[in-house]
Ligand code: NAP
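Okay, here we've got a single chain as structure tokens, the form predicted alone, with questions on binding and movement later.
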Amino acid sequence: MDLALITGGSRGIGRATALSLAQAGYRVAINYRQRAAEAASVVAEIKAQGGSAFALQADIGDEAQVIRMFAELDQQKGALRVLVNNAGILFTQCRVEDLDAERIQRVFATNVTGTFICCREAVKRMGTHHGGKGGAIVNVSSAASRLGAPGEYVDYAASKGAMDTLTKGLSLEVASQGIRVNSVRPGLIYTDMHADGGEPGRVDRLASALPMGRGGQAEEIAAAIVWLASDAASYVTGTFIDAAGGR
């Protein structure tokens, strides 16, 4: 059974994607940093539905932990065919003039450097030039990379802009080696991440201003991710799906 790894898979978009990939027939590796109980719950839910899954602990912002995670993945049966770079962090809403270097570095360590390292390790396993069978990488970016998130999360938006550049550049590097690299850019989605930024009700506050008049659900983003990872998207690479309600 082919393997799919989802970073930050214990809640929100990661959880919804894990459930959908399991239904698509993958054995799903659910990465988490500290939410062990939530990750175990996702594993149990997948198994209850007849799927196969297991959890892998690692802080994506720490290269040594990412390397360990992939080494543990290597001990599992099956080849890695899908990587979903979903792990991401943000902090309390603030303006650029109130940012400090420590916060910026922490955001970039996970959202940018960690994504790079996960991609590096996946390419070493998927690439036909390494003896792999090919595969798909889907990066979960954000509409903020286009909009800038002024007054709230410019640091987070900038990190997602870097992820977009990685998506394009890596897709061109590995297209001939059997690996497709694409991105989904969610907009205002009902997840717990908004509480991390200090405003749990952020989606409800802003939803009426969207062309579609509502916030999105994690399952709607998961559907786009799973499509990009599937054979239905076999001729798609280096592209972006904006799932932001028209924004």
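Computed from a prediction, not measured in an experiment: that's the story for all the values here. Numbers follow the displayed sequence, beginning with 1.
Absent from the display: the form predicted in complex with the named molecule. The rest refers to it.
Looking at the named molecule in the model of the complex, do all three of 10, 160 and 196 come within 4.5 Å of it through at least one heavy atom? Spot residues vs the named molecule: full contact, yes.
The unique member of 60, 29, 222, 179 whose heavy atoms fall within 4.5 Å of the named molecule in the model of the complex: Comparing distances to the named molecule in the model of the complex, the residue within 4.5 Å is 60.
Pick the stretch from 125-133, 166-174, 70-78, 85-93 whose residues have a heavy atom within 4.5 Å of the named molecule in the model of the complex. Of the options given, it is 85-93.
How about residue 215: is it within 4.5 Å of the named molecule in the model of the complex, going by heavy atoms? Contact check for residue 215: no, nothing within 4.5 Å of the named molecule in the model of the complex.
Touches the named molecule in the model of the complex: residue 204 (any heavy atom, 4.5 Å): The answer is no: residue 204 has no heavy atom within 4.5 Å of the named molecule.
Contact between residue 113 and the named molecule in the model of the complex at 4.5 Å, heavy atoms? Answer no; every heavy atom of residue 113 is more than 4.5 Å from the named molecule in the model of the complex.
In the model of the complex, does residue 55 come within 4.5 Å of the named molecule, counting heavy atoms only? Result no; residue 55 lies far from the named molecule in the model of the complex.
If you apply a 4.5 angstroms heavy atom cut-off, which residues in 141-177 are near the named molecule in the model of the complex? Counting only heavy atoms within 4.5 Å of the named molecule in the model of the complex, the contacting residues of 141-177 are 141, 142, 156, 160.
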